[in-house]
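Coming up are structure 1 and structure 2: the same protein chain in two forms, each one given alone as structure tokens.
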Structure 1
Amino acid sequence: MNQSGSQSIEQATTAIQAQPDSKTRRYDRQLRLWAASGQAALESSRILVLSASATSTSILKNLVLPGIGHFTILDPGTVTGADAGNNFFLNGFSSIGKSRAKEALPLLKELNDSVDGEAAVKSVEEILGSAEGRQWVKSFSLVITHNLPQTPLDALSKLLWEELEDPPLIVVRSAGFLADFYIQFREQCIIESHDETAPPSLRLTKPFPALQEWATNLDISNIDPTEHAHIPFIVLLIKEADQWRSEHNGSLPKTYDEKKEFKKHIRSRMVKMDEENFEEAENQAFRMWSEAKIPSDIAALFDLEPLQQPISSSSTSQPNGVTKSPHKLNPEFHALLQALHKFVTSPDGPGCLPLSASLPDMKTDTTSYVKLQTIYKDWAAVELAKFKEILKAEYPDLTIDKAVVDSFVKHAHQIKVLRGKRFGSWEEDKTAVAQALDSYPQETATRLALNALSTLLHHNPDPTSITAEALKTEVQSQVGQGVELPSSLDDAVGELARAPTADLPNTAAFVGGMIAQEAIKMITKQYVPVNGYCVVDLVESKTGIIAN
């Protein structure tokens, strides 16, 4: 009997242990998007959602499924007939007259048994009316509101703008087929932005020793034809650059004609017409004159001062006579940023960002690719160690998790820092509003119409009082009498007058997915969230961002 396929007990046990656990299997696809670090951030998050509307429950559905840690629904209202007809997380007409928050809770929790949830049958005014309630709101990782009336919304946005470390606030408004949302936050520091437009430098113009040695020792004219057809384009470009520099006083191609000539030289090295690696080197030659030492957006971050929490003069003096220092937001990230500045400006450094071990796909054989990958990985480790030395020297008393430091260095070419504004501050700047009307008339008109709707409902909650003329008048009063309103405003006010308080299931589903996506970005601190008002127009199936 053939025993070649049999396994020992030890082998079988090892194979079983190597299988992914239940959590990995459940979240497999999303772990490919934000990895274990992002999932851990999600699972430790606590989300407060104000209202159990169709849109709010759609947002929560898309947060519960990927596995947030906890959510609380704050809603004092009872289920109406309209709620029963448009909210899939209520039990139809049997829910009418019951607490909307409590009725929505069970079906949301059924989506993911690892997520904790609760319903709070209180008004936001009651919560904000006590110091304990205000502190409770600030204890969450993220706060989301949907169609919250103007007065409590203003109070909430101001509350969550008091302290630097107050949680972000996502304000969502919708009516009929129109909606918008805004994320209020102080600062979002992003290490893994997943920006595909900012690939890491391959160090083609300033190769590190092992890479330069490979290119220098390569005799292209005296190697096997098969090997010749599999030389990585990186090595070919460095080899060609060395030859070019030797003939042009150490300079790389600058003019159009020189660049064209450089590519011609690469193609002339081909011994067969089907050598795809040389064609690839020709196509990638642009890297030789466009590879910046330090991308301008990264260089700009080096001058960015950390945000500091102002402290009153009465609190600066401590009992022991020591003066209290102002509190800084995201101190670890800014320490890493300054260490990166030291790294790129160090006399014995590379003069550029740390090397990433990531390589693009290329036309080569497995042996050459693995060799190249190993060279890059080894030198990346050298520069990582150098970065850590600088970090330790500059901030000896600061302890930062090793995984965070490693990730920062690996993704140094993608780091971003966003700074936001308090909700409502854009509307206070009449000049900015007028400029937005000129640049983005349709999106701005929709945003202003939704704001006008909120104002009118604040003065009179009866939706039958909303007319297109009243909305246009309110918009005009917001922007000033001398500002010309775009014709697209008529479409926006027409839709809002038709359905001023309608929470349509299809709008709720679309907006719910968008908001959950932005919430995940804020929680995981990965990918780049919307910074401004995102306007959604499902009449024309389009979205736009203004005031960013």
Structure 2
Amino acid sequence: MNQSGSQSIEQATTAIQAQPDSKTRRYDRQLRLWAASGQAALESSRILVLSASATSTSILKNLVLPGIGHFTILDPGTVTGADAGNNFFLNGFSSIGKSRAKEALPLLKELNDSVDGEAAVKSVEEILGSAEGRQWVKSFSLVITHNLPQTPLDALSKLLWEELEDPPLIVVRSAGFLADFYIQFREQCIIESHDETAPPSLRLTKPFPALQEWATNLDISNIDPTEHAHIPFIVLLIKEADQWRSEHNGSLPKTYDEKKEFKKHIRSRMVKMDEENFEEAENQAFRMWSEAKIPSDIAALFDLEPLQQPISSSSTSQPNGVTKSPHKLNPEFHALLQALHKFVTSPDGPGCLPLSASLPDMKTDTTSYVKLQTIYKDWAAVELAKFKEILKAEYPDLTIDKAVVDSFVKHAHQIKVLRGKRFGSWEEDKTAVAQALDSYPQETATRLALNALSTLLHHNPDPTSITAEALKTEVQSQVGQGVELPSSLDDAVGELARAPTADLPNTAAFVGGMIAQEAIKMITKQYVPVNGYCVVDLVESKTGIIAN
């Protein structure tokens, strides 16, 4: 930074400010969502997709365009007339008879020169049959399957649940207008959830020293009218709260009447009719009722034990597992979480989440706003330093990227942790199925019908063998004979019997978009992925979730 302000202005205006480079321009519309950090995560990701079906290539299209690092299509099949008719990433008639994976590859790669792609013309059984193949599958950052038959799917989902660090698996199934998907993952730690519902605290009820000092020194009745109309609402509220506390044994308004009274006090200090800053203070007074508490969903995270690899399970997968000491998943994030816990409980700390430097716009003049912004920023830096001290004292051997620590503290009000379940564990839990049938009958019916379809096609791949009756019988046998099934099951099995093997272009595109959204969320660790089964019904143009 330049010492002299005038010099830096000159510098800024004389320096030729080129527009961003071509990569930034190409990705401009998505960088506004997940920024450079999200983009870097995408670019270092490696994704394995099982099958080159219309749905699979739709998913890949939406991942190649935003710029993942690498993809591999695993598909042993050759292009049929049916494939050439419903898949945009095949060369129509001329692809028929050639390898599906190899035909799709160049048409996907040409969407983005910076993405690396590969076609693996092998069966999943062959891959899973060798130790080398299993290791290869685990080398990806994410694995996605579409309509993978039950036996290899079970083997794959179990393989990717062996060790804590195994990549997440997205299981996609579709037939006709119906589809569902599930993300199998151990734990998703999210710093930037982009959750806009709970903005960071402004510390109005627990002002830090510089802020308190401003309010204390303000002599509201003794300033000129222009200045009066430009006092930031933040300062007005703190001032009013001080006054209120002194008259109410140190407590803030609690009852409805008290709150009304408090607002009336603010209004009474207006010297003119339309002082917008006072109106703003009145509108924002709700912040004084319970402002600086630690949000309960974040407090709940402090009790979360990190996931730990049990010795027994790792020793089954590798012969020398006995010598391996148990280790934890996402150790950095959990260290940050525990440091945050220490920070908020520290006796010389603020007793709430660290201050965020960001300030909303408000009715005030430039000087006051910039002054306010500066004192918020300065205090946020003080608390950040304190957080870092705690982190260092608690975890002296851990080095965490500075940018990650800064981001964690900045977004402390929106952090989230999701814990997932193994694919298929829902079906094994009869109580969960019964509850889901009760709470989400239509979604559950569709999911069970897709399960039944998968089983029936596994035993007899001839689609003409699929009838609504057969599907219903299979569903009943899977959930247990005594369980009552919802009437919407007839709709689901009827629709599947109509089109048991149809990969419709629109369903493929719809599901392709949804899976890509979820994959992006999993990889960037921004925004919040689905934790549970997502069910799609394009007859009724509906989606629903059976929560985990």
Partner chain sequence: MAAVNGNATSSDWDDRYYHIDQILDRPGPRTDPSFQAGDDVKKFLRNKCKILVIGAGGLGCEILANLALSGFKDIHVIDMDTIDISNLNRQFLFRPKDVGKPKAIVAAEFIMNRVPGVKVTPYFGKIQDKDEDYYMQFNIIVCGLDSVEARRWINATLVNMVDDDNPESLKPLIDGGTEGFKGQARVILPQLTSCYECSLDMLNKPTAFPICTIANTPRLPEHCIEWASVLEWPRVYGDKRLDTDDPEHINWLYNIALKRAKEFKIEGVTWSLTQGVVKNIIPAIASTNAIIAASCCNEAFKIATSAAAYLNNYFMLIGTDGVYSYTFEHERRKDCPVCGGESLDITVGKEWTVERLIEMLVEKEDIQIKRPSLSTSKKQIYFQAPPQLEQATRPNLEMKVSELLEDGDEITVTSSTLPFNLSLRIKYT
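Here, residue number means position along structure 1's sequence, counting from 1. Each form is matched to the other, and the largest set of C-alpha atoms that superpose within 1.5 Å is called the rigid core. Computed from a prediction, not measured in an experiment: that's the story for all the values here.
Taken from the form predicted alone is structure 1; the remaining one is not. The Cα shift for Asn249 between structure 1 and structure 2, taken after rigid core superposition, is smaller than 2 angstroms. After superposition on the rigid core, the Cα atom of Val382 is displaced by less than 2 Å between structure 1 and structure 2. Relative to the superposed rigid core, Glu125 undergoes a CA displacement smaller than 2 Å between structure 1 and structure 2.
On core superposition, Asp365 has its C-alpha offset by 3.0 angstrom between structure 1 and structure 2.
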